[in-house]
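Take a look at this single chain, the form predicted alone, given in structure tokens.
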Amino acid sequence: MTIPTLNVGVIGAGSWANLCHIPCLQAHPQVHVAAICSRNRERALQAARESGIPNVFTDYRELIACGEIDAVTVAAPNRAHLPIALEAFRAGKPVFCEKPLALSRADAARMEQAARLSGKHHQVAFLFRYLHGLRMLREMAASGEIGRIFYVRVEGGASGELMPGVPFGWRHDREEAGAGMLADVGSHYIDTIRVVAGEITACCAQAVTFPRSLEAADRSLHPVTTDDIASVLFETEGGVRGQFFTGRACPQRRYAEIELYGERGGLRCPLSRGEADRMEISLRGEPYRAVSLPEGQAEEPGRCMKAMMRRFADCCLGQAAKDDQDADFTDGLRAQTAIEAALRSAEERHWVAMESG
């Protein structure tokens, strides 16, 4: 019996492609990373040399059109997500896309429609869904372990990016990124909140950018136009209220944390790539205590990245069916809707309701 192989083309050759997409796909025994694409040919060639990838492209359309490629992953800057995904779906290929899905809700809606109409597997990189602790927190919250949930708090990790010497990158440019921390990390928190507390229906946000310019690789100076700090109050369709915070302009903090407050106590767990994966409960005002996870101790650096990319490959190969671990383009659209509402709220300085549909 011939074992099927999935030939994947990775579009984007930056740090995340090299940290997550390429090695985690190559760890799958039935995946062959057959091609890599970047507008920067030298960067693509370097990634290909280091990872043993046989084909290098500088035009994503040529990679997608290549007959060897069965599926595509998108690790390019946010502005490129829309055209790449639309081209891949037109070619009848499954797509794994980084978050946030797009620059705007309108673009995300086009991508989500193309994904549904294609009939192909589509997935978005919300990796916290693969935390065992978060899954347990969600199950215990749903079963009424701490009674009715009335508040959710996500305290974000911080990058400490205001340190001297940080170079200008595309994430500092609103034209390329759409937003700063609100989109880059906030999209993760929005998805996590949706998973444990239901759809966000309204929000009130602050988005702060520290006025400054940064030096690019060619030594030119560019103003930072994306948010350094994002702070968001929200309400969900079930009447739960809450808040989340994320910032690049803060002293570095290792892990974010989500905490749920209910009538009888609280639940909390760290949000990581897998190196911190646990869940704790506090009942009747007692101190938090650890809850045993069915998977046992599974704290491993990068485990969630590996699980996420493995799920993409398995679903493309027909060896697994999508489940609620796997965020799809509809989830990406809903997160984008909340991001856009938060940006509008920050600009107009009032509560904003989510756009439906």
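One-based numbering along the sequence shown. These numbers come from a predicted model, not from an experiment.
Here the subject shifts to the form predicted in complex with a small molecule, a form of this protein not shown in this document.
Not one of Arg138, Arg311 and Ala327 comes within 4.5 Å of the small molecule in the predicted bound form, counting any heavy atom. Segments offered: 183 to 191, 234 to 242, 201 to 209, 274 to 282. Contacting the small molecule in the predicted bound form at heavy atom distances within 4.5 Å is 183 to 191. The closest non-hydrogen atom of Ile11 lies within 4.5 Å of the small molecule in the predicted bound form. In the predicted bound form, Glu98 approaches the small molecule with a heavy atom inside 4.5 Å. Heavy atoms of Leu214 never reach within 4.5 Å of the small molecule in the predicted bound form, leaving it off the interface. Shown alone here, Arg171 lies within 4.5 Å of the small molecule in the predicted bound form, counting heavy atoms only.
Ala17 is the sole member of Leu25, Leu333, Ala17, Ala341 with a non-hydrogen atom within 4.5 Å of the small molecule in the predicted bound form. Of the residues given (Asn40, Gln319, Gln30, Ser292), Asn40 alone sits with a heavy atom within 4.5 Å of the small molecule in the predicted bound form.
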